[in-house]
Structure formats: structure tokens, C-alpha cells
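Coming up is one lone chain in C-alpha cells, specifically the form predicted alone.
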């Protein structure tokens, strides 16, 4: 596999370094050839920067892609917002030659050129398409069989579909496939594809942001979800941090929030602390305890089946 660059964005390194730890630990365990390159900045964030200065938004994203172009590497990001913004601008510039010339005229002043040759992928479709589902299944040491997990895709993992071409934006399947490759059941639920609401927090609409999060958390609590799994730092902020704050004010949901690399790492036998799960606001202890019990039961069942097979084999010689 060709070496690729990780685009971390702003939120993961500054607010959730344990997510970076989780991603790095799993990529290292999978022996994937990722690299960190100098020069990346904020993607930039769409809801604020693009609305204030669309030209600056386009130029900043184009410069980031130009950095990857200059290094000759493809880009993979564990942040849905970052990859959506970069891919949106890249597609726009590749189809609008006039705008591309204007952008490159400015970039030339700093020795950069947007070519759009680097592929831009979010971590989930990258693992599904480039690494492969079968190799992930082969890495599973401890299955999540018996666990009900609610996937939250978020808005930007596969949208805009014309720019990302990552999955069906109205009926995505790849994240579900990757979770079920670990043995867990991916739950189907009404609010599965709804927005987390975090973008409303950025424009001082905190109560409305919590309303969207609350709708999903209530549904998952009623359905008995063991955990929510996602792969977006903004969505993580909404469902982990803000759920914790809602619980402090008396609302009890009890839904642990896991990054996909947390689940994959656990299934591979990596210690929860090495994945940074102990830094989450929402306690993942009950989830881990239930999973450990199911793993013990599965081991006991497997041992009993092996013993039975051995007895049957012995009886054949009597």
C-alpha cells in the first residue's frame, strides 16, 4: 500500500488527543504506512469560515491539498468535517478552471500549486475500501458478538456525495459493515442518519444543539444500545461531552461513546487505556464489563466444543 498522510484537523489534536492516540495505536497495529507532513492547517471549518469569507475558505482548503500534492501523498482523515471540506473545494476547483487559476495565482506567491492529484478519504471508507473488510475480520481476537452498537455516521462522512463518492449518502453501508466485521450487531434506528446538532453550538444555539442530541440519545436508551460508535470529533464532542453535561443536570442516558478505532483496537486485543478510553467523559466501564463477560462465555463455549470434538474423535477408535 502506498504511503498516505493523516490530516488530523484542529479538534482532535487540541481537544481530544486521546482520539489521536486511538487512531495512531490502531494504524500502527495494522502496520499501515501513514505519515505526518508539515504544513497542514485548519481545513478550514465550513459553517463559520465559509459564511464569513468564502474566498478564504476555498484558498485555505486548496493550500492544504496543495501541500499533499507537493509531497505526492494521498490524504486520509479521521475527521468527517475536514475531509468533506477538502473534497468539496478540490472538486470545485477541478471543475472550475477560472477559479483554479485564481487560487493558484495566489498560491504561487508561497511556492504552492493546487493540482488536485491527491485522493482525499475519510478513515472509515479508507479502511473499508483500501485496507479491506476481510483483513479486519482476520485481526479480531475478541469478538463483540452479543453487543448492540448504534452507528452514528454524521453529516459529512459521505456528503456531499458528488465530492466524496465514499458511500450512498442516503443509505450508507460501509460503517455498518466495518462494525459488524468485529462481531457486533449494527442497530437500525429512526434517528440513525440525523445530524448530531453540534454545528448549532458554533453559532450560539446551544439549546437547539442539545435538542438534536437528546432525540438520538433517548431513542438509543429506549432501544437498549450498548454503545454508540462514530468517527467524527465534532459528533464525539456532542455525544460524549454534552451527554456528560446533560447527565450532570439530571438526564440519564448512559450511552458510552466510542471512536471506531476504539472498537477495532479492543477487538484486536489492545488495552482500553492504550486507546485512551479512560479519558472519555461517558463511562465505558459497563460496556467493557458486559463485553468481557460475553468473551469469557464464548471462550468457555469454544473450549467445551473443542472438548466435545475431542471426545467424539476418541470414540471413533473404540
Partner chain sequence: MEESGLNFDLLKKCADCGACYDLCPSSLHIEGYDPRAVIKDILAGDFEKWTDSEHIWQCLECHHCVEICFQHYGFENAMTAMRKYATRSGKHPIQVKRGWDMFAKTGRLGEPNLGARKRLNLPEPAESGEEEFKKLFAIYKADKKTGTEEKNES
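The structure displayed is predicted, hence computed values, not measured ones. Residue numbers count along the first chain shown, from 1.
Omitted from view is the form predicted together with its partner chain, to which the following refers.
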Do heavy atoms from each of 162, 201 and 211 fall within 4.5 Å of its partner chain in the predicted bound form? yes
Residue 205: heavy atom within 4.5 Å of its partner chain in the predicted bound form? yes
How about residue 223 - does it come within 4.5 Å of its partner chain in the predicted bound form, if we only consider non-hydrogen atoms? no
Partner proximity in the predicted bound form: residue 194 to its partner chain, non-hydrogen atom cutoff 4.5 Å: yes
Considering only heavy atoms, tell me if residue 55 and its partner chain come within 4.5 Å of each other in the predicted bound form. yes
Using a 4.5 Å heavy atom cut-off, indicate which stretch of 118-126, 134-142, 179-187, 99-107 touches its partner chain in the predicted bound form. 99-107
Which listed residue (147, 73, 155, 237) meets the criterion of a heavy atom within 4.5 Å of its partner chain in the predicted bound form? 155
Looking at 49, 270, 282, 32, which is the one with a non-hydrogen atom within 4.5 Å of its partner chain in the predicted bound form? 49
Even though the chain is shown alone, can you say which residues of 1-32 have a heavy atom within 4.5 Å of its partner chain in the predicted bound form? 10, 13, 14, 17, 18, 20, 21, 24
